[in-house]
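In structure tokens, one chain follows: the form predicted alone.
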């Protein structure tokens, strides 16, 4: 497979003079290939969409729709929520482009976003409610009506509540679409709600920064990449992990001559833009961070004025890192001391506009909060927090919530973190709920509702997830596609795509305040229903009608916007309403506040010390690969989101299967050829599906790499079934972060076997 290279361009292709297409493709393709993709999109839309526009209130217009209609909305292919404009031509969904008024998309969408049409026309998507008729996991259901399905769910929930209490029900949710299901289950009486995005992704990063600065990095991250003069990426694959705003700003920073430093065992797309590329030994990142800080401090290159004004415990911190020299770090990292010194000096040359990116998927080795805290401390030494070219202070518009009755107070506490085992877990732990479901302690969990997250791909050790499912009395899955977790469900409820529904308002924390609207563009093609409708109908059957005094979501949205002094009609027309600009940097008037225990930047953390943890990060060498084995690493691709887009016909065409990256010299030694199929066997004997081998010099010889989200086993995902291999299947071990409970998953090893 050819390497994917980002090209950032403002060129616009206009297939018809009267209607600007405005699509920006952020991967390089020839004009002929682009026109082929465009033609495929139009054909799929014509085949899979429904004729007719949307009249006010959602009724189908009687006369066939002609001409071109545009509808602003915001994307849901990933969690970034980019503002978009959807085009409907002669009643058919045609294309999607960025909304120029939106500060997240800035008029451009990433490859995932431009492929959003494929989510609507995907022939594999769920079409009607399903109720299980056979043994769990056999993917045998009966299609039923919505009344039948919701009645089954309500009856089983009431039975669980009567026998075990409402707390015995848990919700796993991903994205803003879960808002109303959370509302229903809080009204039901359970406090147990979690998202894999915390314990399996960003949690260590957010906790590490909060322990240092008193505030989390946020999502979208508060990174001022476009003004950075030096950008440091540590295992952060910008350009492959396609967070739209950041990818655009990355291109701007490169265009402006910013110095790029990339630390990664693999020569990524980002590494190809770097002035300095450091091919670090996997697991040694914290050692490098400590050595960088040692250089800045011992050579007096840190921002002394900033540290003196805002730092706490600096002298003790300085003493703690005194032994972490580049010479000490060299055998751990494989990075020459001279390179460590030169890259540290490069950062210092550009401070405070040096941004050491916090990353996002931060669950690696089990010491992840301390590694993230070291990244935060390095930024503090460079004076980048609250400074232009570093981190801005997010602002938000004020939009009142809906005046619901108070939720009932649960009789039992949250089940995921009993006795505060992980004292800095600021959000619920998915793995904690799973463990309670298996063990029944601290109390039984007997019902799961799963919204828009494929837990079998998202959580480590699929065997534990299946054990937990087998202990349930009820598993309900609400999703657009028949994912692997849906295959284990008792009831499957088909949701509309984001192009077919309203969702809650996006009142984003960002560098400029705004409120954005997601609204229906076309009708759902079958019996799919929006999440708000599902949540409300379930609440009515559970006797919780008082928590839904509104009948339609339009009423709900209009109420909130009116209370904020905003117009629902205006928002529907524009897709976005901007608030007044506010200062976001300290030197522009933003408050330089640090809500830590010391009320300053905690170089030395008394909070950690009092909880029994290292107040300054310390490096611990991870377990090396066994003889003949390779550390398994995984990441993202620019055209796919997790494991949820492989059946999308447009995005599938961009990448239909993944490959395993293997150092070319290792491949030669093992007698494996580039492009051949192999299988991976992990340390516990689990054998992967076959996967194509990519023999390359762009990866170290002690590890292998694959894109996450492939190797689907759901029989109903006909396009994605059997394409590539699943990294999640091979992640049978994980190291739990003792501070916040995150699951480090880069602790698995594999061997390679030729496919017969």
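For clarity, every value in this text was computed on a predicted model and none was experimentally measured. Residue numbers count along the first chain shown, from 1.
Just so you know, the form predicted together with a small molecule exists too; it's not on screen, but the next bit is about it.
Here is the short version: of 192, 223, 519, 457, the single residue with a heavy atom within 4.5 Å of the small molecule in the predicted complex is 457. Proximity to the small molecule in the predicted complex, defined as a heavy atom within 4.5 Å, holds among 523, 393, 536, 360 only for 360. Candidate site formed by 76, 263 and 708: every one of these residues places a non-hydrogen atom within 4.5 angstroms of the small molecule in the predicted complex. Heavy atoms of residue 617 never reach within 4.5 Å of the small molecule in the predicted complex, leaving it off the interface. Mapping the unseen interface onto this chain, residue 598 falls outside it, with no heavy atom inside 4.5 Å of the small molecule in the predicted complex. Contact check for residue 495: a non-hydrogen atom falls within 4.5 Å of the small molecule in the predicted complex.
Using a 4.5 angstroms threshold between heavy atoms, residue 235 counts as touching the small molecule in the predicted complex.
Shown alone, this chain has one stretch from 582-590, 280-288, 504-512, 605-613 that lies within 4.5 Å of the small molecule in the predicted complex by heavy atoms: 280-288.
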